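The form predicted on its own is given below as one chain in structure tokens.
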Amino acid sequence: MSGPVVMKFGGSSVANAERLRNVADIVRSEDADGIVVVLSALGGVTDALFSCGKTAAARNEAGALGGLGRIMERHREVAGELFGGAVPDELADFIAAAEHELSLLLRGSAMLGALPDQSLDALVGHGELLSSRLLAAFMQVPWLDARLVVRTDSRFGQARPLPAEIRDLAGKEVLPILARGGIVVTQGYIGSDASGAPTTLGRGGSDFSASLFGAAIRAAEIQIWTDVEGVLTCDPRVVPDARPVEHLGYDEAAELAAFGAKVLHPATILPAVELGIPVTVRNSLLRKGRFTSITRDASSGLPVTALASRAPVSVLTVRSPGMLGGAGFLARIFEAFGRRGVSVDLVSTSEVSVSMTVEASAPLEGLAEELSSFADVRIERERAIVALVGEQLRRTPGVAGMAFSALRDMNVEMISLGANEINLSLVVAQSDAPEALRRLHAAFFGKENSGSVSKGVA
């Protein structure tokens, strides 16, 4: 491959010594002009560190230190397995220093009965520092502290990156290694602000880090290695024969993520997509398996690229004869939503009514009471949104007919065609959603459609 590559490995891909060896094999087999390896923490470690912080803030010093001890022992065990018991002194010293630093932090938190966001970032970011140090030592390649490159603002816990500064810092810290065709191992999720204080990018931050590194070095490709063969045509827990989509557009990925698909979150890869850098989603346990490539304007070429579902949701219907020819009626409704901080997903209107889907946890009782002062209000709970997503959907006659034929004896309570016309959403009872997905998948991806569907599979 011409140009450098960023390879990001998630927690499931680096869960233990065997998985780390597998990562090393995958990286070594990559033919690229330099590789940046971005690692998540060992599976479950970030959650365990958060738990330690919470325990310390509750003034339970012994519990917090006990949890930390178990985390560090796990890393020592992995190191021992990687090196056959002969752990290099430099790696052993790094683990010991990290444990000492975090012990002091947790003791201070237990004494104060609080853990400020800045300290929490310093705590939870150590998972990536430790896992990446293990891999770099095993592969005998340079290790880079991502906090030297990923410059952010000071919004601890959800820091915003500063791309121009990241690009300049990557030019100093990363490009010289890549210029020699080298491999550098670094971390996802973490960065630092202008003062050098550690920050984190929030959950999903490792994917974001990979995209930021990729954009900064103008990578030829960003590979996201996980435990599935790319983005699937449907949730495999519901549709066992769901299969990977070969090409996925950025807008399609955004729609699928919004409607519940377990897909790379589009916001995390935006820096790469804006520069036209392809992002591929691959399975680290099936390195020669199928995968998905996400680019700005890609398309599977199929009427429907994939299906997604989100549940539970609630449907709120507002009805009033005053809507007929009445100016400002919808504005009055949505002002009430805005005052109460309730977000709307789908909207469907008629001459005298408007129906909206909202999260099941939304505070609807007070909202309904306010709206009842000028309209009739009905709330229906335990509903699901089933979404058909595809760039070609708007250009293909008969998609809606196929969908309704598949669901002909099922009650579809609400229909919405997305504003960008690549998403047809249907609202059904939550209990009907799994069967609806199975029927729709059979209609659009079943064996009788194998001739056209094969275009969407790697």
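Between two forms, the rigid core is defined as the largest C-alpha subset superposing within 1.5 Å. Bear in mind that the values here come from a model prediction, so they are computed numbers and not experimental data. Residue numbers here begin at 1 and follow the sequence given.
The same protein also has a form predicted together with a small molecule, omitted here; what follows describes it.
Contact with the small molecule in the predicted complex, judged by any heavy atom within 4.5 Å, is made by just one of D251, E221, D235, D241: D235. Contact annotation: of the candidates R155, R290, K262, R167, the single residue with a non-hydrogen atom within 4.5 angstroms of the small molecule in the predicted complex is K262. Segments offered: 82 to 90, 107 to 115, 377 to 385, 225 to 233. Contacting the small molecule in the predicted complex at heavy atom distances within 4.5 Å is 225 to 233.
The small molecule in the predicted complex is approached by S12, whose closest heavy atom lies within 4.5 angstroms of it. If you fit the rigid core between the shown form and the other one, you'll see the Cα of E173 move by less than 2 angstroms. Annotation: Cα of F259 displaced by at least 2 Å between the shown form and the other one, core superposition.
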